[in-house]
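Presented as structure tokens, the chain that follows is alone, the form predicted on its own.
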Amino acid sequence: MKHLFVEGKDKQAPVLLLLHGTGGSERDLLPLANMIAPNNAILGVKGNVLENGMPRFFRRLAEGVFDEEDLVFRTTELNGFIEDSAKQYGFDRNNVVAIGYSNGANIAASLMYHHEQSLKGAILFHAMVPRRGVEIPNLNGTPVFIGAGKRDPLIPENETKELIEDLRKAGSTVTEFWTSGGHELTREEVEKASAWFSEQFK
């Protein structure tokens, strides 16, 4: 997968797995990473799927309707890529925290839904339930921050609340932060995520 790796100043701190939204790149979330955890190593990844020329992490059949077969395949592919990258760059595979926005947040959630201990934690901005009817692995000890907009035209509020409930039922400690905005990412969300990250991984 096309990616970039940036060495961190703090070698013991979690590696930040950056997962962009539709049409983004492996560099899109670098400013977020610098705001949330400037001393941490970064693994920025670009999605392998194109939709009308725009990179994504998995296919969809329509707005809000995922191609589940492709989702499962791409989630396994990403999980394997993280494992390979840990060997290549010499970081601890068990010390990876995802920061995802929109499509990137959805595949980060999918990692937690399908692969046990794939992430040490996650910051999910504007995410939805990746897949229903699956048994989610044990997420005890996996903290998750979810940022969402109450007027998000792409993700209904109850969709995000269902995701939060799923994660909590699997044992995750979920912190939710809601804005009155839409699908756009707000500075306030990022600042709250930064404070959350400092508390969880100090």
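It should be emphasised that the depicted structure is a prediction, and the values quoted were computed from it without experimental measurement. So that there is no doubt, residue numbering starts at 1 and follows the sequence shown.
Just so it is clear, the following notes concern the form predicted together with a small molecule, a form of the same protein that is not shown.
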Residue contact check: residue 38 to the small molecule in the predicted bound form, 4.5 Å heavy atom: no
Please check if residue 49 has a heavy atom lying within 4.5 Å of any heavy atom of the small molecule in the predicted bound form. no
Give a yes/no on whether residue 128 approaches the small molecule to within 4.5 Å in the predicted bound form, heavy atoms considered. yes
4.5 Å heavy atom contact, residue 154 and the small molecule in the predicted bound form: yes
Heavy atom contact within 4.5 Å of the small molecule in the predicted bound form, the stretch among 169 to 177, 28 to 36, 134 to 142, 58 to 66: 58 to 66
